[in-house]
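Quick heads-up: it's one chain on its own, the form predicted on its own, in structure tokens.
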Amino acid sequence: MFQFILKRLLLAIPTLLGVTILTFILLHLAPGNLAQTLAGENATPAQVARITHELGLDRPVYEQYGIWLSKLAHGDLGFSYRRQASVLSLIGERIGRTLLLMGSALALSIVIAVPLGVYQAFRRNTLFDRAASALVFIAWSMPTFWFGTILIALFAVQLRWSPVGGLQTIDTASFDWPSRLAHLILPAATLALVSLAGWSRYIRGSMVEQLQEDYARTARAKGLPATAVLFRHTLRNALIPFITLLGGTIPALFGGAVITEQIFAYPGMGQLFWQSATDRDYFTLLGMTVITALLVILGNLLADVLYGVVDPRVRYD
């Protein structure tokens, strides 16, 4: 197992390097001028040229990339001239909040999608199955920003059961977890919609397939209760391909967090990414891309490791 993990981590290095190259090139091809943004609209060409030279933006792209990559190798993600802070400190301040949001949304999706998919497979082709499928397809088609706005209008404005947005109530202590959890409910529910609908359909299809396998028929023929066949035998096999989806969920959740955090004014990495893109803060965008790519690689690695936990037939030699 250790050799497998080490090999995967070594293979991740060229992948991460390719992501940085592609991102660096795309950011330099994007319209806009960082020096002009920093200097202001009324800056003279001389002032813009001076800032361009100070930032090294007048050098060839490959030379700029080499300097940035050298700093990255030493743990330096760059400096945000727009916010006058290191990119590492900006990300360090917000990554925990976004991971908490993504983790809550992930847990909520699993808690709802897996039982719903299993019960639909158990009661397939019934009225409940058709009604749940219709609701799932409706949820699947909902844009994240629209669903989040509806939740705010209903639960925060009309019913006043939840805060409108933000991290926590202003007049509370720095680490008031009840307040933070109250502010987390609506964003997590909105972000959970990104994966919940698709997962429930996937679990249903996988469970229906497993229930029709010979081992399930044999278990029922031996007189085992339906619940025992469902949970003791078929569910574990149905979850094996589902693990693949979990590994690829991180990019989708982070992409959804960009919109969700903007809607709820949640100060996480998604909001920072949106603001950095608006401000043309290239170095912050580069740093966040590296962190996100690293999280994706680690998520896929975790999915591969979980295969061996769920399926005893899998061995890593």
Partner chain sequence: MIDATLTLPVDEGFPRRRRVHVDPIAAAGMVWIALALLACWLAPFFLHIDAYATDVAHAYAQPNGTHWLGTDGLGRDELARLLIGGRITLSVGIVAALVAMFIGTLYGALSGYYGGWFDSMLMRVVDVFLSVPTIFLLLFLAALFNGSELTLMLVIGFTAWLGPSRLVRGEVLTLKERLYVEAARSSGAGDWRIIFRHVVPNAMGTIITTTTFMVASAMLAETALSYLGIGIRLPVPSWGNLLSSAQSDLFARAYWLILPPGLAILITVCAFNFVGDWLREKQT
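Numbering follows the first chain given and starts at 1. On a predicted model such as this, the values are computed, not experimentally measured, just so you know.
There is also a form predicted in complex with its partner chain; it is not shown, and the following applies to it.
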In the model of the complex, the residue from Ala43, Ala49, Leu57, Ala277 that sits within 4.5 Å of its partner chain by heavy atoms: Ala277
Partner-contacting position among Trp177, Phe128, Phe137, Phe231 - heavy atom within 4.5 Å of its partner chain in the model of the complex: Phe137
Non-hydrogen atom within 4.5 Å of its partner chain in the model of the complex for each of Ser109, Ile112 and Ala221: no
4.5 angstroms heavy atom contact with its partner chain in the model of the complex for Ala303: no
Any non-hydrogen atom of Trp161 within 4.5 angstroms of its partner chain in the model of the complex: no
Contact flag, Trp146 vs its partner chain in the model of the complex, heavy atom cut 4.5 Å: yes
Residue contact check: Leu22 to its partner chain in the model of the complex, 4.5 Å heavy atom: yes
Stretch 250-282: residues contacting its partner chain in the model of the complex, 4.5 Å heavy atom cut-off: Pro251, Phe254, Gly255, Val258, Ile259, Gln262, Ile263, Phe273, Trp274, Ala277, Arg280
